[in-house]
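Heads up, the chain below is alone and in the form predicted on its own; it's given as structure tokens.
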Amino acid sequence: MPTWPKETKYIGRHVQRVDGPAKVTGSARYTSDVQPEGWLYGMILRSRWPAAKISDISLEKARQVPGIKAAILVREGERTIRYYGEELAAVAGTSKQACLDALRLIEVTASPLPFVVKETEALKDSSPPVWEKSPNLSKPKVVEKGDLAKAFGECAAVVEGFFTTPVLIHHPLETHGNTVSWTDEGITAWASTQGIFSVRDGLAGNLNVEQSKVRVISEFMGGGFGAKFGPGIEGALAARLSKAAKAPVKLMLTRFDQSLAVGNRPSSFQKIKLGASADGKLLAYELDAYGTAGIGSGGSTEGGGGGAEFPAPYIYTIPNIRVSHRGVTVNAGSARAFRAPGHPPASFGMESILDELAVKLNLDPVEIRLKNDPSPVRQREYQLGAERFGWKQKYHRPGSSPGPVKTGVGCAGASWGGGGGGTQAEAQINPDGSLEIRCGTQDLGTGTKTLIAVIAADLLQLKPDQIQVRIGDTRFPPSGGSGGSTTAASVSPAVFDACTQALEALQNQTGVADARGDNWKAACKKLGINPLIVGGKWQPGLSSSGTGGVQFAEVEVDADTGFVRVKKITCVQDCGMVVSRLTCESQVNGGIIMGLGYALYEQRVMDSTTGVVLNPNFETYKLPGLADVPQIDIILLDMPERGVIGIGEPVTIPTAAAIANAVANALGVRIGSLPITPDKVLAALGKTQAAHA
């Protein structure tokens, strides 16, 4: 079985990102930068009704607009609309203004229907059903173990709480979109995607085109958190418009479109009861939870069907449990997977109630976690993190911080699976000594190109800048989508295999016993005029799955204004073998900042009277800015013996829970509703009326 080298020069160290210069100079070409000859703008007409029966859509006037080259319906015939923003038709034209003019002239005959957009309203018997033959509240999925009633009766302490988390919107810096050219030879799509092959397969299947005639390219992309795996309706529409107009079509969604129709993280409403023995050993846990995935299936998992279910009880082993999950359907866009699907809301509920139990038992929050967390890795991480953070010096009785600006600390843990497989790669050694690695993966901005260069450089004793990395094209060896934190664990072994086999082939063909390092160029010259091309594939033993992580948060809360400032986050995280330390730490920073947004800022706000999203852009949908980012202290547990494990998702899971626990420690009262906004803080302190839900 192959093993990673014990002595490395680049693996596990800080190496400059290979795509850094292209990004900072502006030469990196994203999907919206692609401009094939004769390209047209594409735009989508969306429903302005959250629920309606559509009987007719006329495109005739739109087609008469100067500059319009194509206008199409999403589907023919009568249909029922179930959310504001659902796609109705699309146009392609020579200018944005021509497209806007055409959209205004599309005539839609519709009969509005009753609708509901808020979960608490959708639960009522009087609420209109989103789907005609199904109630808005699904049947519960129930998991039971042990004798819950008996266990609660034997507990020395029992606490109860109600915790809520909002719907979050997918808002990567680059919106969803594609530039598509459909000719007689086939379809070429430049896509902002997390999975070039899944986009290829989606386009081929939706448009009844052979896979071999669909090429998908993603040279650079500006982020994706789980909603960019397929072409989406917008991708299929761009292709159909291109075919109708006989010209390439660029269809990039607006920020408003993003808020309506590309997916979201479901909400959660969690009623939790937790009990333990006097020494803090957890004995009983009960959860009754619901949440909305919009018009999507609320009973399925967020990662699969986009629903609102999540793992519970989160990471802790409890002998007696009863968990009930239900989905609530509303007239809003369907959920999709969102970085660590299901885990952040589960962590928030579980870690919050666990802290309440620790307070009731007069136990240190770290100690109660050490008593109940079954992971030896997290046990070690809590000990390392507590010492680095200064937990014993900073932790105090909740609410005992003096003065108007109160300080508090909190902690939380997380778990994630990951794993890898299925990827292939190809190494091309040229007679001039240049080396090209090709792999049909994509780089969301996480550093996949750098990871490939680092591995190849170490195995062949070259420099990373000597490696030309080519990815993001379905003409390259196949790889899976970038989701589930599986990319690094899938790509790394395939690159390892391609490089080791290429080196062996080079040495056999040239007779050079060791062609690495200083001998490389001399060996390559002996190839003659033809390059050496060798394929490799994922190999077991070079990667694995299963990560743990813990975070400690320190906050300041102004009791007069309700403003919360996060001062510091200490993160202790394992991810197997660290390949590129710079990009690994970058992923930790990004995940924590996303968790900060979940804790304090982000929430979708719906208007009950119109069914529209009221905060669809970066002005009104609040994200952390530079001034909001705390000091982030990172400890990576480097475990080369475990192989490569992804880190993209686990690092965002416990952040909001740790911050919420720190706020409770500062104030002495629990705010069980995310985001923790100033009005909720003041309401919890009795200084204002109750905050909005």
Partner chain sequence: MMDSKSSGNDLLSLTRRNFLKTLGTTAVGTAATQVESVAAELQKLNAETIVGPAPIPIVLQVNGQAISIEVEPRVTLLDALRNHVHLTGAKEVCDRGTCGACTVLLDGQPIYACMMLALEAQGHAITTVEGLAHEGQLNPVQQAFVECDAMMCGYCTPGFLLSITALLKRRPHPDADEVKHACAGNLCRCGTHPRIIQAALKASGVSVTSQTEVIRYADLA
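Just so it is clear, the model here is predicted, and its values are computed rather than measured. Numbering follows the first chain given and starts at 1.
Although not depicted, the form predicted in complex with its partner chain is the subject of the following passage.
Q: Can you work out whether V377 and its partner chain are in contact in the model of the complex, taking contact to mean some heavy atom pair no more than 4.5 Å apart?
A: Taking the distances in the model of the complex, the answer for V377 is yes, it comes within 4.5 Å of its partner chain.
Q: Does S58 make contact with its partner chain in the model of the complex, using a 4.5 Å heavy atom cut-off?
A: Judged by the heavy-atom cut-off of 4.5 Å, S58 is well away from its partner chain in the model of the complex.
Q: Going by a heavy atom distance of 4.5 Å, is H170 a contact of its partner chain in the model of the complex?
A: Because a heavy atom of H170 falls inside 4.5 Å of its partner chain in the model of the complex, the answer is yes.
Q: Should E602 be counted as a contact of its partner chain in the model of the complex, where contact means heavy atoms within 4.5 Å?
A: Result yes; E602 sits at the interface with its partner chain in the model of the complex.
Q: For the chain seen here without its partner, which of 327 to 335, 206 to 214, 615 to 623, 420 to 428 has a heavy atom within 4.5 Å of its partner chain in the model of the complex?
A: In short, 615 to 623.
Q: Any chance K69, E234 and T652 all have a heavy atom within 4.5 Å of its partner chain in the model of the complex?
A: No.
Q: Counting only non-hydrogen atoms and a 4.5 Å cut-off, give the residues of 581 to 596 close to its partner chain in the model of the complex.
A: Residues within 4.5 Å: R581, L582, T583, E585, S586, Q587, N589, G590, I593, M594.
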